[in-house]
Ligand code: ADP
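Shown below, as structure tokens, is a lone chain in the form predicted on its own; questions about how it binds or moves come after it.
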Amino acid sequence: MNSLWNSCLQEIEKKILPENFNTWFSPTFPSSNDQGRLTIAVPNRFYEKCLTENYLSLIQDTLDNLSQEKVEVRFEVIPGGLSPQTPPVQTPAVAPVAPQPAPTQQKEPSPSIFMQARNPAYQTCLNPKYKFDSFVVGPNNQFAQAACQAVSSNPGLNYNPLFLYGAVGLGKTHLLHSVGNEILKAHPDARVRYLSAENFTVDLIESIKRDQMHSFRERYRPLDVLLVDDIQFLGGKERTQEEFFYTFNSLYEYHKQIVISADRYPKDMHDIEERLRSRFESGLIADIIPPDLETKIAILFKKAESHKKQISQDVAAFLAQNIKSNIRELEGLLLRVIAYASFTKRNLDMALAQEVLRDFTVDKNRNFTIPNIMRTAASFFNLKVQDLKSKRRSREISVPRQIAMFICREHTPASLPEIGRQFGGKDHTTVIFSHKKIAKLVKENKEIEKTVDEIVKIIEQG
């Protein structure tokens, strides 16, 4: 058992940075080996969490190769130290980086904002799977992706801060990680940290409880790049907003790169202090909107390829047409179909996709019929359905009619002529004009975007 683990450690040491190996693997040892299950002792829950999230696959693959058989790995916490010969281990201030090859030679740093000696332990919490080359670009996210690449090329110089906003599951987190990974690729010693606003809040609370605010500030203010997800979570948390405000200012004054994401435009975050909102608006703001059908199909092909699977055009189109906006949900359902095909040893065809996703597609979209959309839109604007079908062109009628046509085009498989026919015999060109107009307004006008979202939610809820 000890021999197997020591051999495993020797292999892992060759594949990761020395600082990370000493921090995360030196205090470990095997505590038991029972019928193919190897239990590794660790000092505390923090080690267990970080080893599981960042190194478990590396440990698993290494052990499997060494033993020539499948070895199940689990961790056991032994508080206060691992053995009489091992002193108690202090929890590191920052989490580990994902595994990366140890450098073979020292390189001269290129001219940039990174001018001091660096501590690799600051390269934290980035998912190595999230990179620009795995991000599918479409009309819905092209501007945001280009802005992120520009930031990665010249951090602290182009677009600082960069503020990304959009609904849940559209790729904001992917882009944040891509920025961090790209910067580390060019500047391996850069101090980069990704975290959610919720984790920032938890870290602050724990630091206040333990009277360790100096250590807290030392974890953030020396950074070169700070990537913060879901900043709207700070809403209503006055002390957290105050500390983030001073952290933001400290980094900004020294030209350190800040990238932030949220689910709404800064002006719409009414429970965030004005001084913070003004900081967010001082840089570049880029939005991400739901993808069109072609982009969703491209995402599905890319995701299937990453799992070494192939899907047909009709299966991809079926998934894309039934999942209207959330890319994360789209990917999750694709994985469900792939897993089901693998478990049942069946072909990944349309029949299988329809069978597996019956409860996720039919029920979810059963309310999106043209008559129901018209009734809901008319009720929302205090109108009658007959008003939407009429030829009246006053603004109080034409805008609700255009919004209803837009939703019909986005959420039903009906053809343009069919939509026009049910709206009182309108020409298909009227439907095209309405769709283009509202699609443009959704991107430019927050009130229109909110109105469309609210109507869609009412329809989904029945």
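Small disclaimer: the values here were computed from a predicted structure and weren't measured. All residue numbers refer to positions in the sequence shown, first residue = 1.
Another form, the form predicted together with the named molecule, is not on view; read the next lines as being about it.
Only one of 174, 237, 264, 219 lies close to the named molecule in the predicted complex, with a heavy atom inside 4.5 Å, and it is 174. The single contact residue among 130, 159, 318, 280, judged by any heavy atom lying within 4.5 Å of the named molecule in the predicted complex, is 130. Using a 4.5 angstroms threshold between heavy atoms, residue 170 counts as touching the named molecule in the predicted complex.
Remark: residue 147 does not count among the residues lining the named molecule in the predicted complex, judged by a heavy atom distance of 4.5 Å or less. Among residues of the shown chain, residue 299 is one whose heavy atoms approach the named molecule to within 4.5 Å in the predicted complex. Of the heavy atoms in residue 303, some are within 4.5 Å of the named molecule in the predicted complex. Heavy atoms within 4.5 Å of the named molecule in the predicted complex belong, among the stretches 130-138, 333-341, 377-385, 305-313, to residues of 130-138. Of all the residues from 57-72, none has a non-hydrogen atom no more than 4.5 Å from the named molecule in the predicted complex.
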